[in-house]
Ligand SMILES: O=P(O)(O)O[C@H]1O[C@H](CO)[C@@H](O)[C@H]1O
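This document starts with one chain, in the form predicted on its own, laid out as structure tokens.
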Amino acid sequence: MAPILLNCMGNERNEYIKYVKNPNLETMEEDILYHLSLSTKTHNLPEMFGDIKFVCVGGSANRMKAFAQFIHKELELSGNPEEITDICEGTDRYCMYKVGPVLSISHGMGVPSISIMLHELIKLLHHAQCQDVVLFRLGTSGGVGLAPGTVVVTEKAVDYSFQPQFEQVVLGKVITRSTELDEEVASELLQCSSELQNIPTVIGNTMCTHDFYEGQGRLDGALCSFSHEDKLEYLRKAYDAGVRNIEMESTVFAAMCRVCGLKAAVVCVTLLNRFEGDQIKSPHDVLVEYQQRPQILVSHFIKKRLGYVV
């Protein structure tokens, strides 16, 4: 099949569609990335984003701003990191910060929220004609048989039945997509962790759920229809299936990146061991330090790729 062509920014050059997998975009005079407050007509996306090589996404807007400021310092860029501006300030859905070749974006909580952001992000990377981009999801999670503070680099993102798949309902039909992540990036991240202090890191499967409470087997929600022993039995099955942490975004992140040909990794720190309880009880300062661990690890990866670290 011949490559689909798309006219970008209304110019005369046709570029091959690489990341997007939607032929309908070919017929659109303007593509409005509504939830990012960007458009192919009102913004010169290649000029704004064409040099992006790394995209880091995470749930919290404050955390992704803090990461942008952190990577700004790590890359020793000019200017005051405290003065970086939110590119998506025209909307309150997501925040986005560009720091040299790094894009830092929030995605909210859960599969629907990150899915919307990813559709528009992937189109943004396409319209900007970005090449060889690596995506990272940085986040927090519940550990399964791991000590709090352990960083999990995801091998496979799995669903509630521990299968490496994401199910999307399209026109009333269930579409199943693979959720395997890039082995090379995961191995490189594990190597980076060995070069850092106090960043205990493992590679394991990450279970993605559609809920924080019942869906993750918590006993402390407003509803609970199972016993403590039921919970432990399910967690033991998860552990035996290779699951080492639980969160709420990894399957759709892995599936969309895989379909669109983007190298990607999920890097989440555990805030508790779910075998030992359901509520997070670590002091605030300890949690802040835990949450910085994925940022430090991915920052080291980026600096090595850019030649800052030998």
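Please read these numbers as outputs of a predicted model, since none were measured by experiment. A residue's number is simply how far along the shown sequence it sits, counting from 1.
The protein also exists as the form predicted in complex with the ligand; that form is not presented, and the subsequent description refers to it.
Of the candidates 125, 134, 138, 235, 138 is the one whose heavy atoms come within 4.5 Å of the ligand in the predicted bound form; the others do not. The contact with the ligand in the predicted bound form, taken as any heavy atom within 4.5 Å, belongs to 248 out of 38, 68, 248, 257. Judged by heavy atoms within 4.5 Å of the ligand in the predicted bound form, the contact stretch among the candidates 167-175, 84-92, 106-114, 225-233 is 106-114.
When the ligand is considered in the predicted bound form, residue 63 lines it closely, a heavy atom lying within 4.5 Å.
Contact check for residue 212: a heavy atom falls within 4.5 Å of the ligand in the predicted bound form.
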